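Encoded as structure tokens, the following chain is the form predicted on its own, with no partner shown.
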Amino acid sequence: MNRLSGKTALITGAGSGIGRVIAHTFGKEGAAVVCADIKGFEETAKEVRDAGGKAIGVELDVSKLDSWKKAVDLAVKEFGGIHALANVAGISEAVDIIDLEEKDFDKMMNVNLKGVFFGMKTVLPHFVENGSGKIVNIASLAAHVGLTGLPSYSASKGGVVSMSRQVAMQYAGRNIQVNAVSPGIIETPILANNPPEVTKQFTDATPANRLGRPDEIASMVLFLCSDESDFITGQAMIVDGGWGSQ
């Protein structure tokens, strides 16, 4: 229960879904958690504190570099440094590529890919100064296989995987590990908006015969942010119940 004791972790998308569960998991494992999001961040931070952990809520628009700088400065001021970054915030929209508008493509890239870029750009100098650090970027199964109706989402998440590998290689010699986690279909509040028949299709397409749980993604992110993963870098861990292996 203390795999992250003495460490500070900044988690984006912490206001809901997978990010919120990661924040709770990190708090239970002894980390000081910086819960960052555009909304819901204060509620998550309070939940972590009520459970006995240390946490603050920070407003963060991941698509804005100035917002990142303010969030990181606040985390360093509050907890003395940052040891781990989990880039979880993201958006998704299903649309055929011929119907995809340029503005919507740009928005997807700004949040899902540029947000990860800004996060690493802002946090890495602190890791270099400290002599160590962990970065986990949430990608998607869509980065590895073709999924219907997700052209911009797939492109953004493919970019997350590629950028994670490049940064991992460049900083491996500085004791900084960078990895990606690619979830399959996970039970989150967003999924509940889908028609039941769509959810059934997802379930039927997963060899495990069920959808994934947010805590199963959180467990992988926890491992990659812990000392147990010090020799793992540049990897894209696919957590999808076997979907991508078909």
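Residue positions are given as counts along the sequence shown, with the first one as 1. These numbers come from a predicted model, not from an experiment.
Keep in mind that the form predicted together with a small molecule is not shown, yet the notes after this line are about it.
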Stretch in contact, per heavy atom within 4.5 angstroms of the small molecule in the model of the complex, of 73-81, 86-94, 161-169, 124-132:
86-94
Ile176, Ile138, Met120, Leu113 - the one with a heavy atom within 4.5 Å of the small molecule in the model of the complex
Ile138
Which one of Ile38, Ile56, Leu65, Ala205 is close to the small molecule in the model of the complex, taking close to mean a heavy atom within 4.5 Å?
Ile38
Examine Ala218 and determine whether its closest non-hydrogen atom to the small molecule in the model of the complex is within 4.5 angstroms.
no
How about Leu10: is it within 4.5 Å of the small molecule in the model of the complex, going by heavy atoms?
no
Is there any non-hydrogen atom of Ile185 lying within 4.5 Å of the small molecule in the model of the complex?
yes
Examine Ala51 and determine whether its closest non-hydrogen atom to the small molecule in the model of the complex is within 4.5 angstroms.
no
